[in-house]
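Taken one at a time, structure 1 and structure 2 that follow are two forms of one protein chain, written as structure tokens.
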Structure 1
């Protein structure tokens, strides 16, 4: 859903505040930033942003805002805890100054590639991969998945589905695939976070 100028201004302020401070602003701080003197007016604006799917209001907390979808870029996520029902956008490390609509209207996030397990697909260490949030993926797509055992770990691999078995295959013969049977998936040992839709490689120097 499109944002009004004031909604966009407020959301961009909230995002910038998160980046600078690691936690969300108060209603008063948002009002001061966008020129609203009434707290009720700020609350109404925040509820509109919540209805449009950009943030979640946590009742009873002075800084009870949770970012769900960015307005001006694509968040680069660091640690993603297992079992989270939503991608935790407040845990982003930075925001890529890339228009999300370039990749469609879906919810997006980015991950920084660590290691060389996907070099055969042209994905190098340090690259940023753009992920479309979805729990469903097709055979052969490159997916971001969270492995919950022995501890939460996010991995980027090619998905292979065979007779109910879910396989996460590397694109490097030096690495072994992750194989999950039906019962593993049912137990939540693996969860698809999204499908890769783009790659950004920052130049050196």
Structure 2
């Protein structure tokens, strides 16, 4: 169910408070944060959030709020980002229950690997690759890049930069590298989303 602006504001505050403090906020603190003067209004809002399945209220207990979604996690980029901003940091389908600070403090997201073009780097189909959002990738780093032609597509390859040309190199001899000249980069035919900082595999491998 959809969240009203105030409900969303409250939920985000609760999650942020939880991450910062290690326990949930009180009704009063929530009210103060979202600009409510009456606690009862906050309480009603919390009940709405409960009805919509975003949290659970434990009756009578101080700070008795139980978040349903994991408080800290790495969002999995489901569909290919089309417009701007490239990384929509909302409405992710899935959130990996992994503390992001394990991989670094910056903005992170995860990408599910589709093909076998990177098996040479120990990256298998189905793996979740953790990406740090940045446009400044160095030579030799594995990057997530979005190709705009012929159609929008996100791909994971090793980056090679040689005097202006940008090469996205698979780690599998069966695949050919993608080569982009200066003008291709300038015209936005390729755009680097970020660099790989980790990998999570679920299953028997």
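Between two forms, the rigid core is defined as the largest C-alpha subset superposing within 1.5 Å. In this text, all values refer to a predicted model and were calculated from it rather than measured experimentally. Numbering follows the first chain given and starts at 1.
Participant: Looking at both forms of the chain, which one is the form predicted on its own?
Facilitator: Pick structure 1 here.
Participant: Superpose on the rigid core, then tell me if the C-alpha of residue 35 is displaced by 2 angstroms or more between the two structures.
Facilitator: It does shift by 2 Å or more.
Participant: Does residue 26 move appreciably between the two structures, meaning a CA displacement of 2 Å or more on the superposed rigid core?
Facilitator: Yes, the C-alpha moves 2 Å or more.
Participant: Examine residue 162 after superposing the rigid core and state whether its CA is displaced by 2 Å or more between the two structures.
Facilitator: No, the C-alpha position differs by under 2 Å between the two structures.
Participant: Rigid-core fit: what Cα movement does residue 44 have between the two structures, in Å to one decimal?
Facilitator: Taking the core as reference, the C-alpha of residue 44 is shifted 17.7 Å.
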